[in-house]
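Consider the single chain below, provided in structure tokens and representing the form predicted alone.
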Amino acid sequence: MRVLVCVKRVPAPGAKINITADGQAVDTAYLAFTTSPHEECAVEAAVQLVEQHGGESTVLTLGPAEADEQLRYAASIGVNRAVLLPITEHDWDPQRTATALAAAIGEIEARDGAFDVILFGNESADSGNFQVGVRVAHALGRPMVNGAKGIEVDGDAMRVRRDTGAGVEVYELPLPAVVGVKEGINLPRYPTLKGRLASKKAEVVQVVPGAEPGGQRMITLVQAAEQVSQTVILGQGPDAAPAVVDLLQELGVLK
């Protein structure tokens, strides 16, 4: 079985995001980066599929040269090959990204054979466009299910489970197929010391991406309003009791 997982380098969740003065990019001066949480689970799913069915896995990303870090992390937990599509811009629009990824996947498959399964994260942690995986699947002419919380491969077919507000949906897809993995489908493993050392020596193949800008264009980035919490000291000792009672009455706890 040949499995491909596509990942994206994103700011670490929970980090304070600052915008450059011109409003055109994220200020990365003091920012840590990681792989999108959904895609961490997609990497783990790729490794598990190869462990269960044999074959090899490949991790692919389109991003800056620094995205080499995310590729080597995937290699440290068991992914066999790594491919980087280097770009110098801050980010590409979803249409352009999907076009470049589909072209690169086509080149790899023409040389090494088709991928049975291509995995994406449900959406990236930064822009959250929910588009790239769907666009790549459409470009490659393959069935696709997003929001997957369960994957099983049986022969030439794949069963994908997706949770909904009304219960669970189960899809059966013929291979080759594309799946968007949602966080929680598994618990990503931590890399071992042996895996980390091996990842430093892993070969990262670079493929120059070629795609024209799509129809979407970023106008400006706007800093989200910060949520501020305030603590009010009602008093100290017995003197605080009346204020506590008043507050409980205000909240409707006391009648």
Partner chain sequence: MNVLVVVEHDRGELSPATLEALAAARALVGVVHALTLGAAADGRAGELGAHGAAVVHQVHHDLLAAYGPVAWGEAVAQAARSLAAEVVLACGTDRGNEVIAQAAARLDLPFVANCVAIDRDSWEITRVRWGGSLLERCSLAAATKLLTVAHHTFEVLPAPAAGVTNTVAVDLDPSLARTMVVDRVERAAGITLATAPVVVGGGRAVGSAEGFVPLEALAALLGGVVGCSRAVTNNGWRNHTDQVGQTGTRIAPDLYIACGISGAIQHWVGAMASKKILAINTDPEANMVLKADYAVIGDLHQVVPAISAEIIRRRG
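Residue numbers count along the first chain shown, from 1. Throughout, rigid core stands for the largest set of C-alpha atoms superposing within 1.5 Å between the two forms. Quick caveat, the model's predicted, so the values are computed rather than measured.
Below, we turn to the form predicted in complex with its partner chain, even though it does not appear here.
- Residues with any non-hydrogen atom within 4.5 angstroms of its partner chain in the predicted bound form fall in just one of 51 to 59, 31 to 39, 192 to 200, 64 to 72: 31 to 39.
- Taking the partner from elsewhere, T88 is found to have every heavy atom lying beyond 4.5 Å of its partner chain in the predicted bound form.
- In the predicted bound form, V207 stays away from its partner chain, with no heavy atom inside 4.5 Å.
- Its partner chain in the predicted bound form is approached by V134, whose closest heavy atom lies within 4.5 angstroms of it.
- Proximity of S76 to its partner chain in the predicted bound form: non-hydrogen atoms within 4.5 Å are absent; the residue sits far from the partner.
- Contact here is defined as any heavy atom lying within 4.5 Å of its partner chain in the predicted bound form, and by that definition not a single one of A21, N80 and G113 is a contact residue.
- Taking its partner chain as positioned in the predicted bound form, the residues of 129 to 153 that bring a heavy atom within 4.5 Å of it are, in sequence order, N129, F130, Q131, V134, R135, H138, G141, R142, P143, M144, V145, N146, K149.
- Annotation for V222: C-alpha shift under 2 angstroms between this form and the one not shown, rigid core superposed.
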